[in-house]
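Read the single chain below, which is given as structure tokens and is the form predicted alone.
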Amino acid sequence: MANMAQAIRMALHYGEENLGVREIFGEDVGPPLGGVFTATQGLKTAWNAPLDERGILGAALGLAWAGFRPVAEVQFVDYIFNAVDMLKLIANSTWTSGGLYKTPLVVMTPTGSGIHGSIYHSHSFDSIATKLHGMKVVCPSTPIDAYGLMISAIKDDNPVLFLKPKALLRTRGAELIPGEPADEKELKAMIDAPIGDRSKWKPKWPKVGDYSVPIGKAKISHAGTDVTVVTHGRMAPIALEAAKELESEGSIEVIDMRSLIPYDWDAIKASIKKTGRVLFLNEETEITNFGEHLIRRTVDEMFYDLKVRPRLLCGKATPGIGLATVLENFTQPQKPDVLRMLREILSDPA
């Protein structure tokens, strides 16, 4: 099974061969490395841009307006904050032109904690991203969803921000990507560059197929009847583990949003109506958290369907994340925190 970085790489290769992608660029995106996480390794149209986030995004916008379908990488989301003005321009350009300028571009960036990256490599961007009205925002938690969301993002005539959870880029999935060899060692030999001299190495791409995950469509990764957990990205597999661990205590339904903008309110609403109890789980800091918006909408529209008050479990409101494991684990939700919160919700009298 492919890991998430390999899945994204194969999706970009499919985009090069079938969807008109001719420019994949960013910091360290080109040969020989193919990005810090190797998500662009071996791609024929990948090239290294200067270390200038605003320049990278500005170039992508110009290419999109000229009719290209570029994929631009900001190597860590921690360094995208100094380009928020460019993201805003990308997001609203179709609207401000009255639909005259389509903006078919993908901005790809690794997000979140879990790699012990300390203050400059552990940020999340989810809540700020959801305020970039006009830009679609996706964040997968599995390789197959990463592949399908990237294909959908490339095809879309709107700008898409593709958030790659840093901690999940080396995790393997449970489903084969169409055309992927079943043997992970065979896949590695085909598309992973060897250690050492890579000057003559060329990938041998599998014949991957057209597989799309609709942007704006959530999935139920674990069905349940007692509590709903609404999550995405790095927290989704943690929620899934917690749900399985608590099967003898309660039935937990886990909704993996996959898309933050637009988001699948119908799926969330249907699940909360069924369970009457909900936990919103993410790794963003708690103040002005996207989960707070979802709680507000839940209370506004579903107050009389709720059995107990909705909860938010997320990152603590600190200026950054420490390097030491104990500091990172204290700042960000961990599985024991999710278990504790779910047990609290289950025991809360209706």
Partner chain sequence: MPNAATAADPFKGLEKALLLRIHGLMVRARALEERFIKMSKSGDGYFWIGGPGEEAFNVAVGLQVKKGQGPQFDYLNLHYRSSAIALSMGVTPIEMLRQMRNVATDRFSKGRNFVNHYAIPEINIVPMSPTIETQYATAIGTGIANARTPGDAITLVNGGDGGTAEGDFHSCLVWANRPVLKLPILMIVVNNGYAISAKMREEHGEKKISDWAKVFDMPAKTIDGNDPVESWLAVKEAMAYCRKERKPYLLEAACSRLYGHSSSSGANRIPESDCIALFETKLIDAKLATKEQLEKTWHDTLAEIDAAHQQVKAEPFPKPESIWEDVFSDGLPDSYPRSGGSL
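Positions refer to the first chain, counted from 1. Just so it is clear, the model here is predicted, and its values are computed rather than measured.
Although it is not shown, the form predicted together with the partner chain is what the next lines describe.
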Quick one: of 306, 295, 49, 313, which gets a non-hydrogen atom within 4.5 angstroms of the partner chain in the predicted bound form?
-> 49
If we test each of 184, 266, 175, 249 for a heavy atom within 4.5 Å of the partner chain in the predicted bound form, the one that passes is 266
Considering the partner chain in the predicted bound form, find the one stretch among 240-248, 88-96, 194-202, 276-284 with heavy atoms no farther than 4.5 Å from it.
-> 88-96
Find out whether any non-hydrogen atom of residue 206 is located within 4.5 angstroms of the partner chain in the predicted bound form, and reply yes or no.
-> no
Taking 4.5 angstroms as the cut-off for heavy atoms, does residue 164 touch the partner chain in the predicted bound form?
-> no
Heavy atom to heavy atom, is residue 56 within 4.5 Å of the partner chain in the predicted bound form?
-> yes
Taking heavy atoms only, is residue 75 within 4.5 angstroms of the partner chain in the predicted bound form?
-> no
Partner contacts in the predicted bound form for 109-135 (non-hydrogen atom within 4.5 angstroms of the partner chain) = 133, 134, 135
